[in-house]
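As a starting point, one isolated chain is supplied in C-alpha cells, in the form predicted alone.
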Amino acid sequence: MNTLFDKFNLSENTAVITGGGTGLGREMALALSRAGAYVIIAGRRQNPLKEVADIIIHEGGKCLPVQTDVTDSSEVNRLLDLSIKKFRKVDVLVNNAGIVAGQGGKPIWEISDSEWRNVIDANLTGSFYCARAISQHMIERGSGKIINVSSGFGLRGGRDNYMYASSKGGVIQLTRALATSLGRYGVTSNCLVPGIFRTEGTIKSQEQLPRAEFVPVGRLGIPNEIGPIVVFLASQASNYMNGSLFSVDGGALAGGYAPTDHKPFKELSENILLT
C-alpha cells in the first residue's frame, strides 16, 4: 500500500547539484542522497567535493563528484554528459553554484567590466548553461525537475549592490521562463529563495550587519534546514508546482526585512527590542 511518504522517496532518481561541495549545496546533496537519490555534485574545488562524496558513499549512497566551472559551457556539457553516462538519466537539476562576492560596497561608476561579468556569469549564466544542457534530455524523457537557487537580493535591491542583486533577480526570471516554456513537456522549474544561513560564503556579510535580530524567528538559518525543501521540490509531491518561489528565510521577507545593506540605527533597534 502506497503512503503519503512514498511521494518523497527519491530511490532510482538521479540528481545533479552544482556548488555541491560546500555550504547549502553540500546540505542539499546530503539530503537528496538520504532520500534515495543518486547524486552528482559539481564545483570548482575538488577537495570539498571529495569530502561530500566520501560521506555519501560511507552512508551507502551513490555519488559522482565532478570538478566543474559552470561559467564554462563546455565544462557544463561535460558534467551532464558524464551524469547521463554514469546513471543513464538525470531526473533533477539543482542550480546552486554561485558566488556572494560583489554584494555591495562600490558605487556603480567604479565597477569594472570584469567584476560585473564574474558575478553575472557565476550566478546566472551558469544556471542557464546547466538548464540548456539538460532540458532536451528531460523533454525526451517527458519528465524532469529544475530547481534554481536565488536570494532575497533577487527580490529587493541593496545599497551599491548591482551584480549580485541583478544576477539573483535574473535567476528568478530564468525560472519563470523555464517554467512557462518546458512545463508542457513534463519538466517543471521552481526557485528557492534562501535567507541568511551560516555558511562560509556569508561570514563576511554576517560580520557587517547583525541580521539575526531582524529575522522574525530571531536567528540565522542552519544549513541543514535547506535539505527538506529541496527533497520536496525534487520529489513527486511537488509535481504540480511550477514557476513558484519558495522563501526559506525565517520570515525575513514577510516581516519587511531583507538584506539590503541598509543599516538601521542600533539604538533604535535596541529600544524596539526592549519595548
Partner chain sequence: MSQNPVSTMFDLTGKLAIVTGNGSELTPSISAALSEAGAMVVIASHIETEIKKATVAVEETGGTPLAINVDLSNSSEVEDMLCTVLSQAGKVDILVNNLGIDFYKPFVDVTLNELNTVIDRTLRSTFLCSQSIGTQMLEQNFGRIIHIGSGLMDRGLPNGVVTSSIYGYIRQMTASLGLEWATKGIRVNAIATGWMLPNSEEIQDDRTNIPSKYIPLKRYGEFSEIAGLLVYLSSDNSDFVTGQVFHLDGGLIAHA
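Because the structure is predicted, anything quoted here is derived from the model rather than measured. Residue numbers count along the first chain shown, from 1.
Omitted from view is the form predicted in complex with the partner chain, to which the following refers.
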| query | finding |
| --- | --- |
| Interface residue in the predicted bound form among K62, R45, K50, R219, criterion: non-hydrogen atom within 4.5 angstroms of the partner chain | R219 |
| Among the candidates S83, S167, S151, T188, the residue which, in the predicted bound form, approaches the partner chain to within 4.5 Å (heavy atoms) | T188 |
| Location of the partner chain contact in the predicted bound form, chosen stretch of 132-140, 86-94, 171-179, 108-116 [non-hydrogen atom, 4.5 Å] | 171-179 |
| Site check L4, F197 and V248: each within 4.5 Å of the partner chain in the predicted bound form by heavy atom | yes |
| Contact test in the predicted bound form: V66 vs the partner chain, heavy atoms, 4.5 Å | no |
| Partner contact for N9 in the predicted bound form: the partner chain, 4.5 angstroms, heavy atom | yes |
| Any non-hydrogen atom of A234 within 4.5 angstroms of the partner chain in the predicted bound form | no |
| 4.5 angstroms heavy atom contact with the partner chain in the predicted bound form for M241 | yes |
